[in-house]
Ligand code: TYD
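One chain comes next, on its own, written out as structure tokens in the form predicted on its own.
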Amino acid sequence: MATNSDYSGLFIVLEGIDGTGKSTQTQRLASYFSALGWEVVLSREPTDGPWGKKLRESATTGRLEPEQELEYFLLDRKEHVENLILPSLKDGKVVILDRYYFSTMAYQGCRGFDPAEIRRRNEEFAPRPDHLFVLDIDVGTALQRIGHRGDTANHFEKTDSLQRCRDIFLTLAGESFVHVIPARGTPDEITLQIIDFLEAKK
């Protein structure tokens, strides 16, 4: 696994169940770092690569078999790490991701896989982020937000699985690079919490 000493950039990941506002906050963080003069690389998982496209299609057409789905996530992430994440970090850029292997731990953990084993397999090749922000809200609020954006048919967004996913994300709390951010406030309030933390770590 690549470590922080292998690169000069800054690696930030935002995670959480659907409806927590990750996409909004990744965009806001990108603007924040750009204003500070950093070159920012903004990305997401699944990616728009061949394996990522198969995964995105399966979210609406019907989920893949568990083993196949997990394998596609690993293949997609390996390409992402090799082609974008590590080269950007080694060039001294800020890399901000909307989802990473912690989502695989949560969502594939719901399908019966051991989250710890998923993490081990990913960390054989995927660098750990410098900062992981887990945006956290209750499942009821998340489902209300998902409904408002018209995604109620998504197979990944069932109540029971979202609760299990949330529980898995929260098991990460307490690790030195993990920061759980309550996400029930306004987007501005959430952004301020994240930036206040980053400012304090300078």
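Sequential numbering from 1, following the sequence displayed. Just so it is clear, the model here is predicted, and its values are computed rather than measured.
FYI, the form predicted together with thymidine-5'-diphosphate isn't displayed, but the following is about it.
Chemist: Which residue, Lys158, Arg145, Arg44, Lys54, is the contact with thymidine-5'-diphosphate in the predicted complex, using a 4.5 Å heavy atom cutoff?
Modeler: The option sitting close enough to the partner is Arg44.
Chemist: Test of understanding: in the predicted complex, would Arg99 fall inside 4.5 Å of thymidine-5'-diphosphate by heavy atoms?
Modeler: Contact check for Arg99: yes, within 4.5 Å of thymidine-5'-diphosphate in the predicted complex.
Chemist: Test of understanding: in the predicted complex, would Gln108 fall inside 4.5 Å of thymidine-5'-diphosphate by heavy atoms?
Modeler: Judged by the heavy-atom cut-off of 4.5 Å, Gln108 is in contact with thymidine-5'-diphosphate in the predicted complex.
Chemist: Partner absent here, but in the predicted complex, which of 134-142, 171-179, 45-53, 32-40 has residues with a heavy atom within 4.5 Å of thymidine-5'-diphosphate?
Modeler: Partner-contacting stretch among the options: 45-53.
Chemist: Going by heavy atoms, what in 20-39 lies within 4.5 angstroms of thymidine-5'-diphosphate in the predicted complex?
Modeler: Residues within 4.5 Å: none.
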